[in-house]
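Before any questions on binding or motion, here is one chain by itself as structure tokens, the form predicted alone.
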């Protein structure tokens, strides 16, 4: 079994998973128009910290929050692996910040960086699950983070992918995505929580597929996403799935691809969670941040101690798709 024993979110909506969850429940969004954040960049709508953040300190704060309630000092153990999920890292340097984060916590193991476009945060969790199930480590600290730069914003503007207003996932009026920045951490363990508390959730299954369709356009048939969904649903029926956390970028083709994949998997009537209207697309943090919030949303569905199955799916440039299933 792979247990979640701690988590945290730091975003423009607040510090801590609970603060961010309450903001979403209250309908608060971090999205707003930015006119002078970066030189020579057109105005854009995004969820950004009021004060620009440094990458490594932001990651460290997130990890520190995630381990606050975990009584065992696991971060400096040889049985713990640090996994950084990011698409751009610190000014395009990926491994140096990962080493700095692990070193800050006294961890003796070389960290792992997972950078697989928008699926990075889910792929990082699958990496953690595989390492723990193989017995290579007892604990994994998965931290996802990206902060926005002129390079990123101007690149998405060149793609004509950005919406000039808050995004509308799956709406016929959607105009594109909004960017965001955040850091989020999940601590996974082979061992349940100390002090006899129930684990926050268990990570049950994970799958990664590439539809090999196009460098930026998703498969029109949703093939890769569909295969991921079928993998993580193995042994279950669509009726057993209580919630699906979609990617929901509000771009024309990605939303349509996800819709097709969900219908092919028989999940068209399953409740979905689309969080980009609150946080924007947080890139390497998205899969970690949105898994946490999906689990917290799913927790509200628990009745008479019935376990709830939640799927988190993502897709990204290069045709990559990923999904995990958790039980709350």
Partner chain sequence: MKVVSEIEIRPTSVVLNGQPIAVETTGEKMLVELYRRYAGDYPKFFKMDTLSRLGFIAAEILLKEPRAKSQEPTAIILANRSASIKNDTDYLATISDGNYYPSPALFVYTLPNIVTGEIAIRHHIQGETSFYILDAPEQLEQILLSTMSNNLKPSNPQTILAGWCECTEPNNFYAKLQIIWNN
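This structure is a prediction, so every number in the text was calculated from the model and none was measured. Positions refer to the first chain, counted from 1.
There is also a form predicted together with its partner chain; it is not shown, and the following applies to it.
Peer 1: Among 110, 211 and 317, does every residue place a heavy atom within 4.5 Å of its partner chain in the model of the complex?
Peer 2: Yes, all three are in contact.
Peer 1: Please determine whether residue 156 contacts its partner chain in the model of the complex, using a 4.5 Å cut-off between heavy atoms.
Peer 2: Contact check for residue 156: yes, within 4.5 Å of its partner chain in the model of the complex.
Peer 1: Find out whether any non-hydrogen atom of residue 150 is located within 4.5 angstroms of its partner chain in the model of the complex, and reply yes or no.
Peer 2: Answer yes; at least one heavy atom of residue 150 falls within 4.5 Å of its partner chain in the model of the complex.
Peer 1: With the partner left out here, check for me: in the model of the complex, does some heavy atom of residue 114 sit within 4.5 Å of its partner chain?
Peer 2: Within the cut-off, so yes.
Peer 1: Is there a heavy atom of residue 207 no more than 4.5 Å from a heavy atom of its partner chain in the model of the complex?
Peer 2: Yes, contact at 4.5 Å.
Peer 1: Could you tell me which of 182-190, 94-102, 247-255, 167-175 sits within 4.5 Å of its partner chain in the model of the complex, going by non-hydrogen atoms?
Peer 2: Going through the listed ranges, the match is 94-102.
Peer 1: Going through 172-192 from first to last, which residues have a non-hydrogen atom within 4.5 Å of its partner chain in the model of the complex?
Peer 2: Nothing in this stretch is in contact.
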